[in-house]
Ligand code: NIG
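Below you'll find only one chain, the form predicted on its own, shown as structure tokens.
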């Protein structure tokens, strides 16, 4: 029997999580052709039909789709480690911001950093993410808060993604916080966002979505409505931070405006949960490492949302002030502990769930025929072990578009 060449054969898996109901249940191998998934099956059968140019031995590990981090703030110049001590002394998120820390501290550093140095730093952040299995990400700006510095941030993000080989789906977050120079004139900053910043980002084509932080000390629901309606008018998708600390109605607004996702939800109201359940379209973004990092007792009501049929994803919220981890396996562990999610639910949340929230479910987040051949091989004997351990990296092999990637 003649064979045909293939780019890669991954064999020897103890278990393959493909999210494909048509895949053979006993499959232990994956065939890749031209950067796409071609077939799943048993090694002996596949070798009769395919002649691989390269091979990866999964060595009895778990094979899954490459991880997708659907909520990341990677464009920052320095960390905020000192604030970690401030939290130990009892200061909360808003007190730290009032003291000159928080988001505005990061803004000062981003503004002062030239694009070349910022590029180097962001590349380092993306490489840290990749070392833990992330193959694609949604990346936000939001630490520039001026037209010039927000454009700089988005340009650097695109350049870093290309340099590292990370597929990036950019989001404009100019409405992260009011900058110091507009603290006493919020309407003027809203004017700047709606009349200059959003159009400039759209003209350059460097963001697919717009985001806003709806919270006390940040943006009100009324301000968010104006910003979001302008973003929709310009053709942006919406991804919204809401109900992190207080119930202000941001979730209901997100659902009303057809946002792709509304993220955090630690303070989700019953009305917000009902709105998301009725809609069934706006994804819940679970970010369990953030309340852990911030020493909050409250968690997003993941079990209620999942049981209500709300689509969801799980993400790191990687940023310098409230979730300084680039590791989706670590986020999965806290999803299992703090959100009472199962191993299957957290893995779904960082693969097909994340892809769905970004409109990528046709080609990413699963191992169906024709999907992008982004895969991870994990040093785990089965799915139940995913998120079981913490403080260690289960990644043993990383494949992007069918090529084995060093990490």
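Positions refer to the first chain, counted from 1. If you're wondering where the values come from, they're calculated on a predicted model, not measured in any experiment.
There is also a form predicted together with this ligand; it is not shown, and the following applies to it.
Put simply, of 322, 261, 171, 136 only one has a heavy atom within 4.5 Å of this ligand in the model of the complex, and it is 322. The listed set 282, 327, 244, 289 contains one residue whose heavy atoms approach this ligand in the model of the complex to within 4.5 Å, identified as 244. Considering this ligand in the model of the complex, the lone stretch of 66 to 74, 366 to 374, 334 to 342, 32 to 40 in range is 66 to 74 [heavy atom distance within 4.5 Å]. Though the partner is left out of this view, residue 150 does not reach within 4.5 Å of this ligand in the model of the complex, counting heavy atoms only.
Although the partner is absent from this view, residue 103 contacts this ligand in the model of the complex, with a non-hydrogen atom inside 4.5 angstroms.
By the criterion of a heavy atom within 4.5 Å, residue 176 is counted among the residues contacting this ligand in the model of the complex. Residue contact with this ligand in the model of the complex: residue 80 places a heavy atom within 4.5 Å of it. Counting a residue when any of its non-hydrogen atoms is within 4.5 Å of this ligand in the model of the complex, the one hit in 204 to 220 is 213.
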